[in-house]
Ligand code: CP
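Form predicted alone, single chain, as structure tokens, below.
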């Protein structure tokens, strides 16, 4: 049966546990031997392309990159026809797209012929969430994802697709998540990746105070205030989110042992200061390392290793 990795929500606890395990365990460099993986990037990304390409090649496959200019989802060619074409030449398609419904539409026309991986959509960023979980486990539980329960993670700033996937992943592991954001930038219910629907795990807490969010936190996480496509709102977002900058003053509210995470690219002086990003508490480069780990885990899981 073909496997799909489009949201954290859609995976069982067993599937997630398998991905975490496969991400950091010894691997066979022939898992993808002779198989092609299409990397479709409607949105650019340094870390996503580097980590995805590296993981595919390390598992013995070959990656082919397609930019938006080359294929044009629903502009040069329909999503459905692109899916049909890729299914004739590739075993897996990993996509970084503007609209999450691309995955639904592509799966409808390719059925079980083409495995799909979400490298980012407007609603979810599940590969980043896997990398973040692995990074936090490295720091606090010697890499054991199963022992993260009880940790306190604070997300500060614009609650984005990154926030949603991260919160779902952490809550299901028993981690408590606080999201500090102005009301108009806060998480909303009833989305595809829905942390409000997680039951029996950690607790989700929303606040409009950045200080309240990070109080006694083990991890402080932030992301860009101005995401791709929102550049026209730059000045407005800077004004409305200025109090949510992760700086040394805000970090003083967290635990002395707290670490800082950021999925990058960072806009130094906006959502985070260079002092914090480059400081001894920062683990952003370990996150980058684990983007590759995450892709190894997802690809191996798709191939049915566990």
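Numbering follows the first chain given and starts at 1. Computed from a predicted structure; not experimentally measured.
If you look for the form predicted in complex with the named molecule, you will not find it shown, but the lines that follow are about it.
Student: Even though the partner isn't displayed, in the predicted bound form is residue 222 close enough to the named molecule, meaning a heavy atom within 4.5 Å?
Tutor: Outside the cut-off, so no.
Student: Would residue 44 show up as a contact with the named molecule in the predicted bound form if we use heavy atoms at 4.5 Å?
Tutor: Yes.
Student: Considering non-hydrogen atoms and a 4.5 Å limit, does the named molecule approach residue 48 in the predicted bound form?
Tutor: Result yes; residue 48 sits at the interface with the named molecule in the predicted bound form.
Student: With the partner left out here, check for me: in the predicted bound form, does some heavy atom of residue 277 sit within 4.5 Å of the named molecule?
Tutor: So residue 277 does not count as contacting the named molecule.
Student: Go through 37, 55, 272, 263 and name the one with a heavy atom inside 4.5 Å of the named molecule in the predicted bound form.
Tutor: It is 263 that has a heavy atom within 4.5 Å of the partner.
Student: Just one of 98-106, 179-187, 145-153, 125-133 has heavy atoms within 4.5 Å of the named molecule in the predicted bound form; which?
Tutor: In short, 125-133.
Student: Where, within 282-302, is there a heavy atom within 4.5 Å of the named molecule in the predicted bound form? Residue list please.
Tutor: Result: 291 alone.
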